[in-house]
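Given next, in structure tokens, is a single chain: the form predicted alone.
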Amino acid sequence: MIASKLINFASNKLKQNKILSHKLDSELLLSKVLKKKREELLTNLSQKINKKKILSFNKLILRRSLKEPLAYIIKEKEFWSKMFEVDKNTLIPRPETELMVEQILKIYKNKKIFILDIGTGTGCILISLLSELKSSYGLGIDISKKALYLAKKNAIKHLVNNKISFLKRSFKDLYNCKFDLIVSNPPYITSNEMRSLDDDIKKYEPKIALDGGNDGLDVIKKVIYKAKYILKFDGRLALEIGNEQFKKVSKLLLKNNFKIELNIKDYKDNTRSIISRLIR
């Protein structure tokens, strides 16, 4: 079978299973099987695909039809113009988080800082920051050993492993450290909302990185409280938050001696990140 017919067949199957990006996903999965870039595939749609590769491709299409995220199937996701290795032990990096990275880089351009990344996951936030902040260094912590293994691989891939240490530790157990900047994309989805998430998130992404408790603020409260004691004077806390959590998180920050400097909106005009400064 030629590539174009194979893509159309797979695309229709995914469409029947309500995968909105059915055509694109089919092209990317075939590219993965052929070990070619999508652009290269699209310029040679008349090429014949052998039976072995068709079998491999069909297996991937079946996984996608069951709502498994594309990033987990192809084992990578682009973030900040870099490809990060991902698996089911980490959240999939999302474009909204890039908006926070962008603003942090504007603040700290050409400066030397020490960064803590709480719940580092793939390491995408810390690695992206340190790839631009050439004189800075950081610490990424996570309670998942498997996530840390992946983060280390990504740091090596993007040539910043000499500037980052990774530790299997809860932020609550950090002492005798002082950071210029703390960044975190903590779990912020309420327990009720967890039940109504799309299957590709609910069934596949790690619940521990999503579930923020009854009000979605369980971990956020603890991060803000701890940050007071491990930030340097005038240090900053950059937090990703859930939709419609801005007012509640703002009150928590003000109560804990933080001054809000920036509220960062996503592509739908919802505030999704806050950068605040410790004023004591």
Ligand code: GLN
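Keep in mind that what you see is a predicted model, and the values were worked out from it rather than measured. Heads up: residue numbers just count along the shown sequence, starting at 1.
There is another form of the same protein, the form predicted together with the named molecule; it is not shown, and what comes next is about it.
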Should L91 be classed as touching the named molecule in the predicted bound form when contacts are defined as heavy atoms within 4.5 Å?
yes
Please run the contact check for G140 against the named molecule in the predicted bound form: heavy atoms, 4.5 angstroms, yes or no?
no
In the predicted bound form, does A209 have a heavy atom within 4.5 Å of the named molecule?
yes
In the predicted bound form, does S128 have a heavy atom within 4.5 Å of the named molecule?
no
Name the stretch: of 153-161, 129-137, 108-116, 183-191, exactly one has residues whose heavy atoms fall within 4.5 Å of the named molecule in the predicted bound form.
183-191
